[in-house]
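In C-alpha cells, the next block holds one chain alone, the form predicted alone.
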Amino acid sequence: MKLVLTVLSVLLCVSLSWAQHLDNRAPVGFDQLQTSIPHGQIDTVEYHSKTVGTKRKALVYTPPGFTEKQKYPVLYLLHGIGGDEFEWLRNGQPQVILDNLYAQGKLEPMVVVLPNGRAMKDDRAVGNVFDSVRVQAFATFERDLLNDLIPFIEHKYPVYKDRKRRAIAGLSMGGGQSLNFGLGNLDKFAWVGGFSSAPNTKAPDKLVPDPKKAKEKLKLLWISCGEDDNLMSFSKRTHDYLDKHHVPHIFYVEPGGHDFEVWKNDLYMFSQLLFKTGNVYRTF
C-alpha cells in the first residue's frame, strides 16, 4: 500500500509540473481589437516613492464594468530590461488580450498594474540599459514595489489587500524580478509567473529555500519560455529544482524565441488561471 501511494504521489507531481504537454495555444485573433465588446480602461498614476526619493509613474488597467463598489484582486505585470511602464502597452497590447478574454467570460475581474521596474530617479529606458547602476535599480524595485507602489494602489483603488488575491508576473528581466520578489515574499504573493526569465533570476535554492512552505503558500507558480530562447536554461534549472522537490508548478515550453509573440501567449494562458478556486493546475 505504501508503494502504491508513493507511485501515485510521484505521478501527481509529474502531471502538475509537465502540464505543458497539453496543446494550449492562444487562438488566432486573441490579440486583435474587437470594437463590438466592452473595453477596460488604462490610466496613468503617479505615486511618491520613499525608496527612490521621487515621484514615479505606473499604468493601471481596470476591467470592463469596473466599479468602486466592488473589490478586485491585483496583478502586477512587469517589463523587460529595455522597457518601461509602456513596454507591454506598446508591444503586447495586454488591454486588448484581457478585454477579449473578459468578453468570453474566461477571466476573474482584476486590476492590472504596469509599473516601471527600474527604481531610480532617471528611470527612462535610455542609454546603456545594461549599465550596472540601471541593472541594480531592477533589484531596488522590490522595496519600491512592496513599500511604495502596493500601498498606493491599495489606497487609490478598491482592491483586496491579502496575498491570496495578489499576483506578480513579468517578461525577461521582469520575469526574473517576479520570481525573485514573488517567491521571496510569500506573505505578499500567492500567484507568481515568470515569462522567459532572465539571468537576474536567483539560483533555485535561493528562490525556494523552503519547498514545504512554497507548497503551502502558493496558489500558482508558472514558468514559461520559448523553445528557441537562449535564456531557456534559467527557466529549466528552476523547473528541475521544483520538480526534484515536488513543488507544484506549470513549466510551459512553447514555440518561439525571446519576443512578444511568446509573451502575449503567456499572458493569455496565465491570466486565465489567476484568482480561480480549486486546483488551477488541472485546468491547464
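Note that residue numbering follows the sequence shown and begins at 1. A quick note: this is a predicted structure, and the numbers were derived from the prediction, not measured.
Below, we turn to the form predicted in complex with a small molecule, even though it does not appear here.
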Where does the small molecule sit in the predicted complex: which of 160-168, 96-104, 141-149, 192-200, heavy atoms within 4.5 Å? 192-200
In the predicted complex, do G182, K206 and Y241 all reach within 4.5 Å of the small molecule through at least one heavy atom apiece? no
Using a 4.5 Å cut on heavy atoms, which of V45, L218, L231, A26 is close to the small molecule in the predicted complex? L231
Report the residue, out of I81, L89, A214, V111, that has at least one non-hydrogen atom within 4.5 angstroms of the small molecule in the predicted complex. I81
Is there a heavy atom of S172 no more than 4.5 Å from a heavy atom of the small molecule in the predicted complex? yes
With the cut-off set at 4.5 Å between non-hydrogen atoms, does H39 touch the small molecule in the predicted complex? no
